[in-house]
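Quick setup: one chain, the form predicted alone, written in structure tokens, and binding and motion questions come after.
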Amino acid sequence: MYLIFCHKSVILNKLIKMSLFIRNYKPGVAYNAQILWRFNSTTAETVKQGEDEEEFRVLDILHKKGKLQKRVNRRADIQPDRSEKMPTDQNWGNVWPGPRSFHPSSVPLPIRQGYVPKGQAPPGKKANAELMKIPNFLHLTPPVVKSQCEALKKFCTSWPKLLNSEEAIEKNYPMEIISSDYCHASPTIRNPLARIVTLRVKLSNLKLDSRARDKFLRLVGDKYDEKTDLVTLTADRCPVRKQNMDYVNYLLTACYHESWTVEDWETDKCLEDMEYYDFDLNPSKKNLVNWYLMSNNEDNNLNDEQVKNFDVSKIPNGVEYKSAVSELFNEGESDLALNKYDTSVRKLLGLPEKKIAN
């Protein structure tokens, strides 16, 4: 485009010269060639000046940069870790006042956590994700717990002085309620096992006669432990602990009152209808009482009611004999039951112990 413009300028310049020459031409007149040359030179300089003004700039593709000053890395002074500046007599409760994730700069202890191959030390506390995963109890150190207990002591009442033994506690508080609370790392603080409630009470603490006691034991079934004399009722069917606690209280109340209820058909029950062997209702007790009275030359004209209410503990070795006979009838014959019965009879009659020949 620029070349076309220059070419047109030269042609236009020549046309101007020719038009001036033709306009001023006179026949027989001689023209000065120097004047024409000056005009041509002036026109050429004007065109050249225009060419200089329209000159293209050079495109620098490589972008040659000048020499840059080399950057000097200045090492900043690193402050020591906070755990290294902690005094030994500081108040730890102010440093770690509550539960939080592990922070290595706040714990002045060489703690390590993580699995490594055998023979290598576990990773340290810095940048250790294992220490941040698990919950910690750094806010429950003994001094902090002691200070918290001192703060809560003014809201508590002193322990009763009369409840200074297990027997006194059991006498005044015969019923025991057992429940559990759980602390774990989970999105929710609730645990389904926390709803389970267990009630324990000794059967001897319940005011029951022989008939009501027998009926109560049949109602509770295997919830009664004969060795410890404890009745254990457990409830877990309700979603809330309070509901399960009300349910076990209801079960105990219902079983207790039902055991005292006497149905019409129960009055027709005789000795042969009993599901277990009762030593006090059977002729074995009458025979034992009559033998004891005859051996001591006492009057043995006792009616059935007097025999039933006679205290067997007055008879030497009488309680052991009663237990051996009841076990033999209720649990069946076995080597242990027969040996126990043999020993009790020998002691009752004053016979020597049985000698086993080698």
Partner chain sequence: MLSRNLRFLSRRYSQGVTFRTTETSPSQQNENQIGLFYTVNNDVCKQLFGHGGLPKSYMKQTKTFTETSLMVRLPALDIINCIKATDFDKPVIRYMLYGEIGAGKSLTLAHLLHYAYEDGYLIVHVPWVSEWLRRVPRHKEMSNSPTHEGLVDLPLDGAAWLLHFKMQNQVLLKKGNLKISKEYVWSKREQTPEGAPLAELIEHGITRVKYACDVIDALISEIKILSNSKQCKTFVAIDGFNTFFYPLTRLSTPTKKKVTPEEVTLTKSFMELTKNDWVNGVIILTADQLGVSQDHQESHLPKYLLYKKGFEHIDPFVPVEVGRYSEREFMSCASYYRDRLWLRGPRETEGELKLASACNPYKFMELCAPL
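Note that the structure is a prediction, hence the values are computed from the model and not measured. Numbering follows the first chain given and starts at 1.
Keep in mind the form predicted together with its partner chain is missing from the figure; the text below concerns it.
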{"item": "Residue stretch of 211-219, 156-164, 171-179, 281-289 approaching its partner chain in the predicted bound form, non-hydrogen atom distance within 4.5 Å", "value": "281-289"}
{"item": "Non-hydrogen atom within 4.5 angstroms of its partner chain in the predicted bound form for each of 294, 335 and 341", "value": "yes"}
{"item": "4.5 Å heavy atom contact, residue 256 to its partner chain in the predicted bound form", "value": "no"}
{"item": "Contact label in the predicted bound form: residue 277 to its partner chain, heavy atom within 4.5 Å", "value": "yes"}
{"item": "Contact flag, residue 310 vs its partner chain in the predicted bound form, heavy atom cut 4.5 Å", "value": "no"}
{"item": "Non-hydrogen atom contact residue 328 with its partner chain in the predicted bound form at 4.5 angstroms", "value": "yes"}
